[in-house]
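Given as structure tokens, the chain that follows is alone and in the form predicted on its own.
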């Protein structure tokens, strides 16, 4: 549940669910995120969920901090069980031309690549949040023996579709961008589609994600 609600500037609420990063807390964040969206509360113009926080931006011409805080505190999120999450399968090619950091991961994790990929592909990942780049999903939780730090020197350009791991998370680069995650493969699947005004993200907070290993030929011939 929400531990504290406070002002964030003149026109936003900061909902604090605690400092831990785990699935149980993040599930509460996502329930409030989806529940508030469903309620279509007058004046609310943006919702930004993270691992354990939720920022609610609002229009001062339509509501205010006190009224909105009262509404949020009295929401019964247990009534939003119908807002089911989805299970998404993402194809990924781990050919060495895509797996930019697999050699370094073998050294840093002290695990051979076959075991790294075995651990990765058997995992059901939970989407904590999307962001940093539009639609980029932050997927947890990697096993303890799979956790590594970010690259000491981030890349200037990480190819679109790159799948990376860092600390307890995996992610997918939805656009070419700078980044410091350890890249283990690439997906031909479009994870973010900006042409869709509604639901441009293929993966949303609360979804479960599994990865499917594909060959380079399957990657080249992939169709949505």
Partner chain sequence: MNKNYFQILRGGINTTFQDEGRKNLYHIGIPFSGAMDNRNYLLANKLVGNKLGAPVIEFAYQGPLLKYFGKKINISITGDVSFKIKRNLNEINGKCYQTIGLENGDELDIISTNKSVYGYLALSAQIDLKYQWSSCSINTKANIGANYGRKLEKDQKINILKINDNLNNKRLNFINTKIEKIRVIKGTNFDYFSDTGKKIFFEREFTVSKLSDRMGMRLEGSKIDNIINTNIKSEGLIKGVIQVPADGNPIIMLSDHGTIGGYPKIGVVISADYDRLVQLTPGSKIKFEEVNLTSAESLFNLYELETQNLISQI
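Only the largest set of C-alpha atoms that superpose within 1.5 Å between the two forms is called the rigid core. All values reported here derive from a predicted model rather than from experimental measurement. Positions refer to the first chain, counted from 1.
Form predicted in complex with the partner chain: not shown, discussed below.
- Annotated contacts: 47, 51 and 65 all touch the partner chain in the predicted complex [non-hydrogen atom within 4.5 angstroms].
- Contact between residue 8 and the partner chain in the predicted complex is found at the 4.5 Å heavy atom cutoff.
- Although the partner is absent here, residue 21 lies within 4.5 Å of the partner chain in the predicted complex, judged by heavy atoms.
- Contact check for residue 132: a non-hydrogen atom falls within 4.5 Å of the partner chain in the predicted complex.
- Taking the partner from elsewhere, residue 12 is found to have a heavy atom lying within 4.5 Å of the partner chain in the predicted complex.
- Using a 4.5 Å cut-off on any heavy atom, the residues of 183-199 that reach the partner chain in the predicted complex are, in sequence order, 192, 194, 195, 196, 197.
- Comparing the forms between the shown form and the other one, the C-alpha position of residue 209 differs by less than 2 angstroms, with the core used for superposition.
- Residue 69 is among the residues whose C-alpha shifts by 2 Å or more between the shown form and the other one once the rigid core is aligned.
- Superposition on the rigid core between the shown form and the other one places the CA atom of residue 52 less than 2 Å from its counterpart.
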